[in-house]
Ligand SMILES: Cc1ncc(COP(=O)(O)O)c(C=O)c1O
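Coming up is one lone chain in structure tokens, specifically the form predicted on its own.
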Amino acid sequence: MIDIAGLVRPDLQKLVGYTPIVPLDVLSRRLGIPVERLVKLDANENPYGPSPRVLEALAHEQPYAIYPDPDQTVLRAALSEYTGQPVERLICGNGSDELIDLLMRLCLSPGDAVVESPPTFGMYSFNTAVVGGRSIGVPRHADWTLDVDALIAAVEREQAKLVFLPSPNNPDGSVVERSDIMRLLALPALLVIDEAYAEFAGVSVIDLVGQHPNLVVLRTFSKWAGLAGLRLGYGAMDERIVRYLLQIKPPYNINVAAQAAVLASLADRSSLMDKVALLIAERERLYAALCERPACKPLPSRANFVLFHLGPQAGAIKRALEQEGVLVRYYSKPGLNEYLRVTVGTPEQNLRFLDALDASLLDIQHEEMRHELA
């Protein structure tokens, strides 16, 4: 009998997998709650969904039986018009997750260091482990801002090849100051700025690509365009890096349906940005509503979600909300285990979340009082 475990890298046998969010039908079966009663605010998805033009494009005959263009020619041309960057500096991935993975595969040998600034997006440390690298975490300040001096010291000390920083950051929604990015660009490492939520933030450093050969900017259509299920991300970077990535990527990594959806979204960007504006306004209302609740301490956000502190009862409140069909994100890891992150939904979804939150807080308060009287 062959020993399968003996064929697997020892370090990967111990790897803890990334915790993904599951879709509505799976949650419905798990919770015993009909899909139509679920309010899914746990994965930063767009509650308004894709443009109607996307649905029309997918319904029309596409060459689904033919392999897609490995060079992403039409797609990159459309993204060039959208971003202002030349085609040679653009590349698409099966979600920006694939580009994160490809950049690491391109640059890292076993044992090489990747610097990040936790709490942050978990895929950076996860992918670093998958490719055999070392993840070096430089904690943020208490106010969630970057410790730029410590980041610089870590890159120099560890001879790191890659630095990953989201702007806005997931899970708190804060943006990286442009001046801090300029300081970090002086380092002898690739600086990857993950702008998955840039359309909600209204700020970007994609204009700096071409001026700084070690700058990589990642974007996605999952959030602002409502295409999370079709998996399309892209990166803007030095054309030499693009050429390397085109050599090592899977040849047909962008499927025909995703390409059609992106082209339709870009053609209808005005109406999509109208939905983004609605979500930004709703984000501010949700933040203000959480500020009014003494038990909650929300953090200002430039993304389509709000992170708020609840204390030791955060996990219990997450589970209570789930039983009411309201789904939010909870992290059991140290530094985040007293927080919940809620995606900005429609006004109706946000109201239902707030009502369920109030009921859950009241139930926990009553339970604590019963324990004190016992």
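None of these values were measured; they are calculated from a predicted model. So that there is no doubt, residue numbering starts at 1 and follows the sequence shown.
Another form exists, predicted in complex with the ligand; not displayed. Remarks below refer to it.
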{"query": "Partner-proximal stretch of 270-278, 216-224, 247-255, 175-183 relative to the ligand in the predicted bound form, 4.5 angstroms, heavy atom", "finding": "216-224"}
{"query": "Heavy atom within 4.5 Å of the ligand in the predicted bound form - residue from 265, 170, 128, 259", "finding": "170"}
{"query": "The single option of 238, 97, 282, 158 touching the ligand in the predicted bound form, heavy atom within 4.5 Å", "finding": "97"}
{"query": "Any non-hydrogen atom of residue 196 within 4.5 angstroms of the ligand in the predicted bound form", "finding": "yes"}
{"query": "Non-hydrogen atom contact residue 140 with the ligand in the predicted bound form at 4.5 angstroms", "finding": "no"}
{"query": "Distance check, residue 212 to the ligand in the predicted bound form, heavy atom within 4.5 Å", "finding": "no"}
{"query": "4.5 Å heavy atom contact, residue 200 and the ligand in the predicted bound form", "finding": "no"}
